[in-house]
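The chain below stands alone, shown as structure tokens; this is the form predicted on its own.
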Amino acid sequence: MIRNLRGSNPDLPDRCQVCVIGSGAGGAVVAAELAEAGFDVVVLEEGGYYPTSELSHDPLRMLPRLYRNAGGDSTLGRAPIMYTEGRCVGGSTVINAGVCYRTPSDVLHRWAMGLGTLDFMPENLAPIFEQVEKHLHVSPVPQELYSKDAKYMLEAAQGKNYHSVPVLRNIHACQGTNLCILGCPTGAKQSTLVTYLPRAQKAGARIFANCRVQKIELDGDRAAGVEYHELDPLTGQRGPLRFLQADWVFVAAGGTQSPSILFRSGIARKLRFVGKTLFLHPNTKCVGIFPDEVNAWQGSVQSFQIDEFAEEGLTLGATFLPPGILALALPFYGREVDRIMEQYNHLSVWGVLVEDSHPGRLRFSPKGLPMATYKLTRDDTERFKFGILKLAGLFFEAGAREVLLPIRGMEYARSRDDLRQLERYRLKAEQLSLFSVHLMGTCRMGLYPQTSVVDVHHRVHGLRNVFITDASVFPGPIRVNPMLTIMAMATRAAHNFVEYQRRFSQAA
């Protein structure tokens, strides 16, 4: 079973072969693959353990339990970008929309050429993607789960001859409850909580929740183990430091926390690219108000995406936000929020994701806490303006009577004339209301320690037994939801590790 760390717990480990830090897309995959290969694996997860039976539709209850800082983090800069990260057993796979796209072929070609290995060519990664997709039950969202507002968007897109693709999601017997971002209450979403972690447990892995890793203890060019302590995710209260001796350490704590662990461990002093290349896939959302009830809460959280503008780095799609979260996301206060939320069944949320053209970076406090800084470029600001115009145009095409825009000072579009005014407007980055759930690149993979953090085998440069297997190792943004890419890369890393250890033992 998965155990919450408690000060008097007699089962606390003091040694293992493999310590995995984090239980999300990267950590859970590594834990399952290595445990099934016969390694003694211990998983340390900072967040709490909340099985399917404990998940609810109440954001006031679930946000502080499933999200880091209740989902309220933000980058620093002229145009702050709100971002969220999962912090629970299963990580962000518990709270995401379950969208499973393979890394675009052009991105993989670029990685393969830059990294000097054919491993990342699409045809060579295809068998790994297939393996992960099989474990996750990845399939197109069935038509019967398309929400009414998603159908409106699709019809409007088809009327403009925009190319679209069905969303592929890791779902099994989905009931369309649309509570994905608060944790699936039926277990239909195949997060690592219900897939890879049970596999790891069955193979003998020990999984501990409420364990915050402070640092990796180094002995020369090797890790001797990790220092960790009990952490109450709700109160922040910490227990005494403990030490777990480990032969190998796999870090999979996510885009902000993996580099933070490296910083607190003193590794960032030698690898100056720790935290340097932060990509976010920033996105924004428009809200359409329809004359008829669309009941966006009935159906799949996402059904299809418009990739007509993929070459420009833009993806459009319909999504869903529960009432409490949508109310918080609106750029209004008081009576205007009441006016809009009273029409909740008439509301639809459509979004645009932009593939960043320039990275931000992480800075660290003396205690090793991350602070994200990000500057939205002029080109990316213009791409957001383009995407907002396309979304609003689709809303009017679909019959919306009013569109709420994520632009301070231009919050309303009540006709196409308002959109023509926006076309002529010079939009400033600080006017945009932006959001992100895809943090990546902060421990980038590369050939040289002067310009990267890990090598092509996910091993941290200069260390013999420390690996990183999460989105922080991406060499750049990937334009699509990162979960499947993380899991495929983690699978590849685990397979390579097992093969290397097997050859090493045979040679010995």
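All of these numbers come straight from a predicted model, not from anything done at the bench. We number the residues from 1 along the sequence you see.
The following text describes the form predicted in complex with a small molecule, which does not appear among the structures shown.
Heavy atoms within 4.5 Å of the small molecule in the predicted complex are found in exactly one of 234-242, 113-121, 85-93, 364-372, that being 85-93. Using a 4.5 angstroms threshold between heavy atoms, Tyr67 counts as touching the small molecule in the predicted complex.
Taking non-hydrogen atoms only, Ile81 never approaches the small molecule to within 4.5 angstroms in the predicted complex. At a distance threshold of 4.5 angstroms between non-hydrogen atoms, Thr277 is out of contact with the small molecule in the predicted complex.
Proximity of Gly288 to the small molecule in the predicted complex falls outside the 4.5 Å heavy atom cutoff. None of Leu427, Val437, Leu271, Leu314 but one reaches within 4.5 angstroms of the small molecule in the predicted complex through a heavy atom, and that residue is Val437.
This chain lacks the partner; the member of Pro282, Gly183, Pro406, Gly98 within 4.5 angstroms of the small molecule in the predicted complex by a non-hydrogen atom is Gly98.
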